[in-house]
Ligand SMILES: Cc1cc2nc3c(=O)[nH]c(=O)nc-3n(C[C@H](O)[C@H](O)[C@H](O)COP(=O)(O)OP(=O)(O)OC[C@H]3O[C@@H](n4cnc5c(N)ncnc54)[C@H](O)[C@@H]3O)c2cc1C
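Just the one chain here, laid out as structure tokens, in the form predicted on its own.
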Amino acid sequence: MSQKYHVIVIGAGSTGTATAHDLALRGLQLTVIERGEIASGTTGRNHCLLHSGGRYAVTDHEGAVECIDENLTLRQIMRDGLELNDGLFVAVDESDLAFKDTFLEGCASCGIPARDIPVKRALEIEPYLNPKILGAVQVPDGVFDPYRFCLSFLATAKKNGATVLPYHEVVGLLMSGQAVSGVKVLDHRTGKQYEIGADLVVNATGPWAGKIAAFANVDVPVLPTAGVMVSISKRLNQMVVNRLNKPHDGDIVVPQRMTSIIGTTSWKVDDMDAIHIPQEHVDKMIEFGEKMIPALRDNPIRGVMAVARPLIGKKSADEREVSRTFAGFDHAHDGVENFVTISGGKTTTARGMAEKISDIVCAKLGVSAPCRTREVVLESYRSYYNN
């Protein structure tokens, strides 16, 4: 029964590709539409951090629980794309050290495995750490390659019949009365515009979700929030290194291949496609990052990047206080049928986000098919080009 329904997923970042995998596994016909290359939006310019949830254990319980749950799931299903190198939260000053007990309690309440380790041991593991650190806690962080992360989901979706259309931009929604019946797309490779019909459309475009929703005259409470990251041209840490305190600017260094990525600042933006990178934000990354790893100052910058995060919240909210959880929206509540949006969350929580929105999609279409993405092992990202 499910095969008679055609669903379009707009966006081929982590959320869209995970949703495509989930729905294809449930037997629906799937078309994934992405205006650029796979993972070329927010997902492709993030920290590459497989979250343990430690960063949010004290300030955002819900987001932290989602992260550790999905972290453990991804370790089982994504066997060709993760670097399971763990993470350290390090105390640089007395304020950090005083936060340690609160941090450990927060991790325990969220189910995050965390253990206090001797400073001497931390320095043995990470010789570039500031030798004056006062404490260290180890958590199950990890690292992923964003492109390969998304390709793993898409390779599996394609194996189950999905069609993927990169370089196709959605320039409008087809409407049949008060219901969405498909999309208008621009093929950037040929310059041609055409229409694709569908029984239901999923808006998984992250910070651009509001732009797509506006085609149907509905609103979604997405708060686009930018963050600057600085990539250093040497891998100075093998584990993810975090500042042992509440989330702040320049409080994390993520190893990615042969580089180290420092992040991140946070501020609201209006234009997600033209984010100006203030030099003072770059300077902050070096200034705060070197408190944990002094050698960051002595190595050349490989690159600087900024991207908008799709936080769920009101425009008046303080972006540092907005939860990193996610939300699914059935726009039938806005008077528009056959149109849903999924946004917020982290790349780490993409599978869980996909499960939630896929449940909504199936309920709307009357399809009875359980989620199987917790158990099904993903195809290698290499298989994307073979299917």
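Position 1 is the first residue in the sequence shown; the rest follow in order. Bear in mind that the values here come from a model prediction, so they are computed numbers and not experimental data.
In what follows, reference is made to the form predicted together with this ligand, a form of this protein that is not presented.
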- Using heavy atoms only and a 4.5 Å cut-off, decide whether all three of Gly81, Thr156 and Gly352 touch this ligand in the predicted bound form. no
- Message: Gly345 versus this ligand, in the predicted bound form: is there a non-hydrogen atom within 4.5 Å?
- Response: yes
- this ligand contact at Thr264 in the predicted bound form, heavy atom, 4.5 Å: yes
- Closest heavy atom of Arg26 to this ligand in the predicted bound form, within 4.5 Å or not? no
- Item | Exercise: Phe144 in contact with this ligand in the predicted bound form, heavy atom 4.5 Å | yes
- Item | Position in contact with this ligand when the complex is considered in the predicted bound form, options Leu151, Val222, Ala136, Ala308, heavy atoms within 4.5 Å | Ala308
- Val164, Val170, Val90, Ala198: which sits within 4.5 Å of this ligand in the predicted bound form by any heavy atom? Val170
- For this ligand in the predicted bound form, the stretch among 290 to 298, 94 to 102, 199 to 207, 112 to 120 with residues bearing a heavy atom within 4.5 Å is 199 to 207
- Along 32 to 68, which positions have a non-hydrogen atom within 4.5 Å of this ligand in the predicted bound form? Ile33, Glu34, Arg35, Ser40, Gly41, Thr42, Thr43, Asn46, His47, Cys48, Leu49, His51
